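Single chain ahead, written as structure tokens, the form predicted alone.
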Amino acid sequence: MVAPPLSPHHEILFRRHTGNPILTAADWPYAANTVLNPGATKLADGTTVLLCRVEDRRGHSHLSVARSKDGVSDWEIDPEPTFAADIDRHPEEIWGLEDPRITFVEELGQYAVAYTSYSSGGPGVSLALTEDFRSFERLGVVMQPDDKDAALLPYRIGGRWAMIHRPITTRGAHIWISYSPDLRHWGDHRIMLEARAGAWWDARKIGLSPPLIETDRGWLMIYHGVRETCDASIYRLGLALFDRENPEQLIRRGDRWIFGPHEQYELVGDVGNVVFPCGYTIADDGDTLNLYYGAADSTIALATGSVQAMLGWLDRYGQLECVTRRAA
């Protein structure tokens, strides 16, 4: 498959690393079918940690850590699975662990990892805490099937924890926000962002990509939209901005996608036509964003962008909240 040339008239918000894909199954110190969809964070010493989804030839996934000083090369990968299914104590993990998203929670002094636990009843959201990405405290299922694409906000909102997630309901596949007093019991569920209807690039099915990005203008969301064609599904990325004090309040939403599959490693793989980020890190300048994403459900790639450029793009091309809801 050969991609057509990119139009020179579209504004480029993310630039792919020239060494993509930066991690493949061939880099793993043990047998793996594919590596994809990593959560990401940067430790106090500057080390980039990727918590990678690793799929075996059964089709079951576990999570494994890769560490790098520069976030690009010389990855040190754990010699065996870092965080694997514990079926005896957590039967909801019987078909594996998928798509982690990492949030550092200063109040707890720990990292919260929201991940998909694939039970016999379908995918649900589970939560775990870790200080070092070597040992984990499981909190168990927090959102029942079918639900996924979850991430915790880094601090309480109005005295409660808040989690973004994507249940599939009779209303469709939209992004929701829910609240909890203790990280274990969740309620006050509300739709945060709806999939649009009709021929839009993000019609019918959307989901959170990496955790929300806190800015001085609000919470910046990078989300994925799925367009169903007669041949396949195409996963692309879009932007939305939410109120900082009331994150369920949408401020602006982009009306077009900003990043989609184009390179060979994104077009061809176990699931073609997919770019699927679950994590990012921000450079010391406070603006440069390193977006780590799964490419075609087969490898891990890196693209670099600017938080301020994304906010500027939303100013130019985003619809105000009231206009977006009428258009949906």
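Heads up: residue numbers just count along the shown sequence, starting at 1. Source: prediction; values computed, not measured.
What comes next is about the form predicted together with a small molecule, which does not appear here.
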- request: Would you point out which of 40-48, 25-33, 266-274, 279-287 contains residues with a non-hydrogen atom within 4.5 Å of the small molecule in the predicted bound form?
  value: 266-274
- prompt: Heavy atom within 4.5 Å of the small molecule in the predicted bound form: which of E92, D202, D99, D147?
  reply: D99
query: Does D297 reach the small molecule in the predicted bound form if we count a contact as any heavy atom within 4.5 Å?
result: yes
query: Is Y115 one of the residues lying within 4.5 Å of the small molecule in the predicted bound form, judged by heavy atom distances?
result: no
